[in-house]
Each structure stands twice: as structure tokens, then as C-alpha cells.
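Shown here is one chain on its own, the form predicted alone, set out as C-alpha cells.
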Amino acid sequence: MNVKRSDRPIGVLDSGVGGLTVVQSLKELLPEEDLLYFGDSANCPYGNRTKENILELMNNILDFMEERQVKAIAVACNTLSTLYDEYAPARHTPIFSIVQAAANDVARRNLKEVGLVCTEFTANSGLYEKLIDEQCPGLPVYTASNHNLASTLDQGRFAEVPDNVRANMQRLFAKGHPDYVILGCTHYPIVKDEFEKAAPGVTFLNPAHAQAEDIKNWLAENGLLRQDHRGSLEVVTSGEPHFYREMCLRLGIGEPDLLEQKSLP
């Protein structure tokens, strides 16, 4: 059965539960759209893996998304977005990078300096600095990577979060004291309140909002917005499904319409 392209779902992918923060923004901005989420918790975190291994995992997920005929794909993972040029050009489906969305957001704000907290892989890529400098030449970007916060959150070890976040912000402030800091891993907005406690007065930027806006604008420009429909959410994970249900409820997304465990090749 042929499905109108506008009626196809939007695909969202991440190494774990963090990308549900992008689902949260998409649900708020595009409540009539169906969403298909894949979280690869069995292999999380991606940020500590090799480039070759990450690309293999990524292409497996993209194959899955294209088999499901999604109309657009949100890469709700900063680590994966740093490798955008290595996989996106070969795909037929439009793919949206969260790092590009974040860089565009920084440029619109006309900031004097900005901080970045992210995984080691994202920090080592230098992509944030590159994309921001293309639009805001010379803008200082202070970066402090975090080795294990994403995996800590993906395993539900919330008791460890406050100390981890405080240490992360101390490393950042040793380099500079920006008033705005990018949460450069989609897991981090889950505990945005802990970042705000660790750094009073700092505004933390959640790139999920900018990415959702980019997708909405593209769908509108191409006549692909879905209308008069109650949007659904299907969550597929290589990990433990129950934690995805708990995270959906924690983020105010609500119960997924379908929740499934699935291992990809």
C-alpha cells in the first residue's frame, strides 16, 4: 500500500535515550506528525567509540529508517552529527544535523562568547568550533568534554549526576566564564536542572529546539506537513524498553504508542 509522503513518519535516532529530548521538542512543535524513534542503548555511549565503529552502527540505523520510509531524519546525537558528511550525501532521505542546528542558533543570538559541554568524540571533532566560526568568525568557544554522563543517564544512575555535572562545569570555567553554554549531547537536557544548579546565572542552550524548528521549516517549504491527525510515537531500541517508557514519562512526552526491542545487524 502506498502512503502519501506527507503522511510518512519523521525518523529520530540516537545512541540511547538522549534523543527523546528531540522527540519532546518535535511533539511540542509538530503534534500532528508521527514519529519513529530508534535508540541504540545496547551500544551506548557512541562518544567513546572509534569513527569506523560509529559509522557502521549509524548506517545500520539509517538502513532501518529508510526501510520504514520516513520522510525526514533527525540525527538526535551530537557525536553522530559530527560525521554528517560521511553518511548523509549517500542517502535519499533528508537528514538534519543537531550540531548544525545548534551552530545556527548561536549565530542568531549574536553572542560574544559561548561554552560547550559534550562527549569526548564531539569535542575532539572540532565541528562546533568550525561551524560557529563560519558564521561568527573569531567567536570564542570554550569546550569541556564529559567522558561518562551520557552512559550514566542511559543506565538511569541519576544519583551520580550532580557530582558529574559540577565537575564538568568546573572544567569549563577553568577555561572561561561564558553566559551561554550549549548542551552538546542530547542526553544532557534530561538533567538541565542540575547544570543550572551547578552554574547559576548561565543560560543553557538545548539544540533540540533549533533542530525541531529546522525540520518544521523544511516540511512546510516542501508541502510535507501532516494535518488533521493525532501524531503517534513509536519507540524502537536495542536496549531495555522499560527505561524508554520511563524516560518518555519523565520528559512529559507520555506513553509511547508502540514500544519494541529490536537488534540491528
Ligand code: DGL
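Owing to the predicted nature of the structure, the values given are computational and were not obtained by experimental measurement. When you see a residue number, it is the position in the sequence shown, counting from 1.
Below, we refer to the form predicted in complex with this ligand, which is not included among the displayed structures.
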Here the chain appears without its partner; judged in the predicted bound form, the stretch of 159-167, 87-95, 181-189, 132-140 with heavy atoms within 4.5 Å of this ligand is 181-189
In the predicted bound form, does A74 come within 4.5 Å of this ligand, counting heavy atoms only?
no
With a cut-off of 4.5 Å between heavy atoms, is Y46 one of the residues that contacts this ligand in the predicted bound form?
yes
Applying a 4.5 Å heavy atom distance criterion, does A102 contact this ligand in the predicted bound form?
no
